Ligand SMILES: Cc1cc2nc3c(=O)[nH]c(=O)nc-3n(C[C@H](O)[C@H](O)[C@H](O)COP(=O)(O)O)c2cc1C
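Single chain ahead, by itself, as structure tokens, in the form predicted alone.
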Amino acid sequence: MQTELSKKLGVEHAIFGFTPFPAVAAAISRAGGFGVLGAVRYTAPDDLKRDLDWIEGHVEGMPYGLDVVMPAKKVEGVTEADVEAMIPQGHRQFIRDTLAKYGVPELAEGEASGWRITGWMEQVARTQLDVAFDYPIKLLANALGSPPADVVERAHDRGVLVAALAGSARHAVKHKEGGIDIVVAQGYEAGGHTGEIASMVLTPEVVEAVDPLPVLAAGGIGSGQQVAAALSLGAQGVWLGSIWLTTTEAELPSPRLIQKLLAAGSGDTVRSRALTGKPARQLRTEWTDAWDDTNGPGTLPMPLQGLLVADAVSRIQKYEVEPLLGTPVGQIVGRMNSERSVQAVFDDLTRGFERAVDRINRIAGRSGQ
């Protein structure tokens, strides 16, 4: 399952795995793919350094990368306190009322929220880069599109390729003009922040728009057959995120959440602004329903919504309040029916890919007779 891009990066399979879990990232690279650690939740540089040290000790010399969340334009001088002050009290009261309705206990005194994500902030994201560039990462990906020009230059000076996610061909062209090396065409089916275009339509549009830049297909991919389809559309690899959530190496905080993922079908997700303020696909729950209800206050723009709900999400997860319990995940959740190791997922992907290629070869052979 090799392409020009996978050969360039020195990986056996053109499978790029995004994950917030260091053990999963390392296992992806050891299995012959390319593990990419999500950095957005690392607010302390020492925490990121600790986990990159761990990856270095467990990746067995295989390549890996880092995913950050940075706006294309610099946003300096804005503190977390500044953002907090912008949050209306009516929204805070809505959260208090919703949590009280479901009997969600408070966090213990002094207990910090695990969901207080500030990695989008300029100073936090740049400290992440200060740490990451001390390690032999081979790829820097940005979930919000092209990072600032000076970040792209800094990565290139270190021989690090830069990837940016795009939800349309128009966005992809802007990434190419900004000096990006790889475009991740993320379809509507994907988990987390997505655009409006399905991957079957988006992938070939982006491939054509940014040629000769390599494109990774993302969204709705969780089998070898789907990998083969993505490559047949012109992609040089696939970018997978959701499929790793139920692997044995993952560290989801709630056993009940794992069971909800295993039981969910492909129709049990929704694109909602409830988590971050931008449309993000996630499990549909009574929490997302409450925020999407027209009788509610509505969500706030990013990053206000993320800070607003941080403590609430931590409480919901800690106490496993099942009606409200969810996580970002793509429509591929319908295939995630058992807990498996990362290696087992790779074995299934490669076998399915081989079956798909054999099937197409047989069809092509018959049509030529």
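Remember, it's a predicted structure, so these values are computed and weren't measured experimentally. Position 1 is the first residue in the sequence shown; the rest follow in order.
A second form of this protein, the form predicted in complex with the ligand, is not displayed here; the remarks below concern that form.
The chain is drawn here without the ligand; in the predicted bound form, the stretch among 183-191, 223-231, 86-94, 266-274 whose residues come within 4.5 Å of it by any heavy atom is 183-191. Contact with the ligand in the predicted bound form, defined as a heavy atom within 4.5 Å, holds for exactly one of Gly241, Gly167, Pro214, Pro147, namely Gly241. In the predicted bound form, the ligand sits beyond 4.5 Å of every heavy atom of Gly33. In the predicted bound form, the ligand sits within 4.5 Å of a heavy atom of Val69. The ligand is not drawn, but in the predicted bound form it has no heavy atom within 4.5 Å of Pro63. Residue contact check for Ala218: one or more of its heavy atoms lie within 4.5 Å of the ligand in the predicted bound form. Contact here is defined as any heavy atom lying within 4.5 Å of the ligand in the predicted bound form, and by that definition each of Leu245, Pro328 and Ile332 is a contact residue. Contacts with the ligand in the predicted bound form, taken as any heavy atom within 4.5 Å, map within 18-36 to Phe18 alone.
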